[in-house]
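Below, in structure tokens: the form predicted on its own, a single chain.
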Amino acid sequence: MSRRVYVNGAVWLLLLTAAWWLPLIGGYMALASRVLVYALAAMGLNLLLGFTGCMSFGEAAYFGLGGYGTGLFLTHLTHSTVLAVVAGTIVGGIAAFIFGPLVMRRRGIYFAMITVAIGQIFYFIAERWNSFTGGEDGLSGFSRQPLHFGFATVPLNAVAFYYFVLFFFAIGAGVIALLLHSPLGHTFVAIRENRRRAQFLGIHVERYVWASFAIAGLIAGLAGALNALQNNFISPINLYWVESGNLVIMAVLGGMRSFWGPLVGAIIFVGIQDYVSSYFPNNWETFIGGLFIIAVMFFPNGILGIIRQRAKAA
């Protein structure tokens, strides 16, 4: 069996047994759920950034829209947690699909700046539309509801909600893995490696960038929906460009061109945020910033990139 199979098996085994081993090292299930939520959003971004080669600083727009879609759906339309997640995911995906044509022909800094501008539009709408989104105070008054299976009702406490998140994380990760091993995924990588050569080969690069952008937005919408359910709250800050920057940091720290890189980056980012903020509540960003500088300077391929290089050398 290949090394990849062993690595994937080990990752899923650790995720499935987190409720047993995490408390032994001082962790808790709400933290594990938060890691999975942000890892999923970063994996969606990584499809665009690491595998298609397009830098986006606006992914928080679709992350936040997924959260608002879920919160508003629970508030006004249904008490079904699963349907609310689906609704939030669709909202994020549709928004990314609609705005994809605005960015698909841009490259480099122009691509990044347009994504920031789009994200800020949604941020200001959410901040000012008090009657609908709650404005600066955010949207509250909703909560995740128990799951009804006909023969049983499962309340979404901390442990149950972790496995609820893990279920959707597995779906999102599975979709990304299937895409990357499909002709579509290979085309994304070809665009990243040499966009002009891909054009000469007859590939409609803009359409594939649009597809990558829309899929990344769909995954971010799913993560945002789960984030809203975890906190039973969503605010404009989840749409802000700083949140997009956090996702970029996670992808870069773990390894942009590695499938599990964003998960490793999310573990580091959320872990540092939780641990350091308990001692230095106003300075945890300093630790993250310093670590990010070190990563960019000394291991630009991320932690998994370094591990892969050393494994090949051995």
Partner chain sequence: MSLLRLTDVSRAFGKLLALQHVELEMEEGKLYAVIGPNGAGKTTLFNLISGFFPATSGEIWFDGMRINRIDAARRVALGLVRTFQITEIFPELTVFENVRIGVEAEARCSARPWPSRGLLRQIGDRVDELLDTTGLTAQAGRTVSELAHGDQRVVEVTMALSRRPKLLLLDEPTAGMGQEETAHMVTLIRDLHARQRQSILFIEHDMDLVFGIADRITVLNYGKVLAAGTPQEVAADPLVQAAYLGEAA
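None of the values given here were measured: they were computed from a predicted structure. Numbering follows the first chain given and starts at 1.
FYI, the form predicted together with the partner chain isn't displayed, but the following is about it.
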property: Any non-hydrogen atom of Val154 within 4.5 angstroms of the partner chain in the predicted bound form; result: no
property: 4.5 angstroms heavy atom contact with the partner chain in the predicted bound form for Arg197; result: yes
property: Glu193: touches the partner chain in the predicted bound form, heavy atom cutoff 4.5 angstroms; result: yes
property: Contact of Thr187 with the partner chain in the predicted bound form (heavy atom, 4.5 Å); result: yes
property: Partner-contacting position among Leu166, Val86, Met113, Ile203 - heavy atom within 4.5 Å of the partner chain in the predicted bound form; result: Ile203
property: Selected contact from Asn130, Thr78, Ser182, Asn232, since only one has a non-hydrogen atom within 4.5 angstroms of the partner chain in the predicted bound form; result: Ser182
property: Stretch in contact, per heavy atom within 4.5 angstroms of the partner chain in the predicted bound form, of 234-242, 173-181, 92-100, 134-142; result: 173-181
